[in-house]
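First, one chain by itself: the form predicted alone, in structure tokens.
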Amino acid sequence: MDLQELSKLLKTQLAHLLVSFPDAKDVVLDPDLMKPLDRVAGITFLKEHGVSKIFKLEPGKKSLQGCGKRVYLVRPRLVTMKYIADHINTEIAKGERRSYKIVMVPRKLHVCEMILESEGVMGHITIDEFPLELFPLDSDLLSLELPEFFTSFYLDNDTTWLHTVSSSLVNLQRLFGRAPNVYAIGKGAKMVYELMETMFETHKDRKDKTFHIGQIFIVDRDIDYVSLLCSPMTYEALLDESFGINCGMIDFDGEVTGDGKGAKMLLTSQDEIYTQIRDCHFSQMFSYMRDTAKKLQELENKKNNLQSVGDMKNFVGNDLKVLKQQQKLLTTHISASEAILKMKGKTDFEDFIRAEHNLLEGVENKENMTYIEECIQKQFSPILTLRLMCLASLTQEGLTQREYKALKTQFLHSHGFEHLVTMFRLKKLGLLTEQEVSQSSMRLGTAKVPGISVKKSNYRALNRKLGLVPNSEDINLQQPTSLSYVFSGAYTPVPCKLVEQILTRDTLIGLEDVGRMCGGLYADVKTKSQGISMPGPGNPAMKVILVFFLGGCTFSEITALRLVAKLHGFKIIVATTAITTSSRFIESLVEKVHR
């Protein structure tokens, strides 16, 4: 099963779109689509299909120079449609004549067409769509690159993007065969499953018994916010948190590369050194890199023992090129690790981690609250402070009224009253809430805020049922067997634990209570993976698992699922609406203020 088939399909569709608008043309790209399109097609591919110039869509520009044909490749957002309409109207007023095509990615929305019509440009354009859905970032990782899905669905209750998620899963199964077993964990996951089934019924496909993916898990992000808020401890997750990994690409600054210029680097399993260290706990990385450096040195020393011209030719032709490449990669990763340590050294990292672990274990509550108040008073990073506040609320299943009022008031005084909107959003999602109060208090109106339906945290019950916070003494960080090693043994991500439980038990019996606490656990199981008849264990496809995260996942969770695959002999492919970090997650909920 080659995930690159998805890229080939997308390239074919993009080529068809460009060819259908003949002759030389300019392309105006939505900034959010630049990295995804680069991974799927690349600039050379666009040039080969008649693209003359490539522009970035910028709010300030009212018009663009270029040839007589223009294609806009954009996300279907209302503000984007307004920018495009401004371009077209300005150019028409100047007397410039062009043909315009607007391609919405991944699909057309009627509301966008309404905006274009109200701006009076519908008569000058043609509209199309490019279904840029799931595409591979690595051999075991697929993404929709739709970071707005989380706030759109979970915060605003907008179901628009559920169609895209369902369509992407349907198209994936049309390519690789329909998976016999599907598990949906959470309310959103159930909606995606039902929409997926409707799509299959609407388009009757050929009844092909072969399949390459045996089991699909669709998981709601809101079943586990805690793992989003925990500090990552594996190399890949720390790279994403420190430098930002965008579509598998990372931008290292001059300090890391050592040449003062900086460099872009593609992080995939094709990089042998990166594949070995990306899932390592950060504390174990340096011993691995030291061993790798020794092996490379031994390889380099081979040149001193060359006996003949043939040996020398073979060494220069084969070993030398690989050696130089490996040495360069190793140097970059060592420098990146040192940069991460330096960044952590500039913050109150040890105290922060101690408070985080205490909150997860439910100990030293008074000291934890004092530390959070200190972070607020010292005007510590508001993002990191909010992370601790939300973690305190989730692990205690709500702060006491006194704690909530004190922390909220102090935070607003320290960082600005515009964060009242931030507090509203956090409360609505159930991230920062008060504990339930008595009926008399509710009658006085102190418990509820109009318009907020607060989601209750089930942290303690889930911890009890699934053993999410293990005894840290049992955690082996060098040869891990516990999924909690991704957070130094402090916490096990719920989605990963549930996937492991369902796969190893091969039954949902005993998980009913957990399912209810997660908003529902629904299964459509056509084939017992432990059964004898085909398709069963004789079919290796039953060992291929797709785990789809609705609303984003972190590299820590991806690493935990890779460990599940390694421990139990599965091949797990992770798919997600976007890859996120705790900082990006909180930033998406923080009110933006332009001072």
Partner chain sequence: MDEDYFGMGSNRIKKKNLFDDDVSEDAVRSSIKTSIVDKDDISFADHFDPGPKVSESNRSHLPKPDLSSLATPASKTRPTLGHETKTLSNAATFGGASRAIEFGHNRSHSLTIGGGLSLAAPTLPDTQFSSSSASLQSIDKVAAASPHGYEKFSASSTSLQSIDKVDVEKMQQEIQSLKRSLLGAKKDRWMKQPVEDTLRRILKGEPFSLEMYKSLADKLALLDQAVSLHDGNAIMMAVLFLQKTVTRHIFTRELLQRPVAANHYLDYLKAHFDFPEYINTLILLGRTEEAAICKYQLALPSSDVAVKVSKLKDCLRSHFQADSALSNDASLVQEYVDLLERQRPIDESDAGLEASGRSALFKDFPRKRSLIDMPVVTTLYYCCLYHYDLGENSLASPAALRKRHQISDKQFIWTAIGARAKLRQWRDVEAILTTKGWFGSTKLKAAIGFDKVVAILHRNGAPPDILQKYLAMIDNLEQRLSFAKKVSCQIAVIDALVALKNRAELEQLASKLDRYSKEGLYAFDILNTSTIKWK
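Residue numbers count along the first chain shown, from 1. Fair warning: this is a prediction, and the values are worked out from it, not measured in the lab.
The same protein also has a form predicted together with the partner chain, omitted here; what follows describes it.
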Counting non-hydrogen atoms within 4.5 angstroms of the partner chain in the predicted bound form, say which of Leu384, Val421, Ala293, Ile92 makes the cut.
Val421
Among Gln284, Ser335, Thr160, Gln435, just one has a heavy atom within 4.5 Å of the partner chain in the predicted bound form, namely Thr160
For the spot marked by Leu17, Val79 and Thr126, is every residue within 4.5 Å of the partner chain in the predicted bound form through some heavy atom?
yes
Could you tell me which stretch in 339-347, 493-501, 260-268, 92-100 has residues with non-hydrogen atoms within 4.5 Å of the partner chain in the predicted bound form?
92-100
Would you check, heavy atoms only and a 4.5 Å threshold, whether His357 touches the partner chain in the predicted bound form?
no
Taking heavy atoms and a 4.5 Å cut-off, does Ala578 contact the partner chain in the predicted bound form?
no
Contact between Glu361 and the partner chain in the predicted bound form at 4.5 Å, heavy atoms?
no
Please determine whether Ser583 contacts the partner chain in the predicted bound form, using a 4.5 Å cut-off between heavy atoms.
no
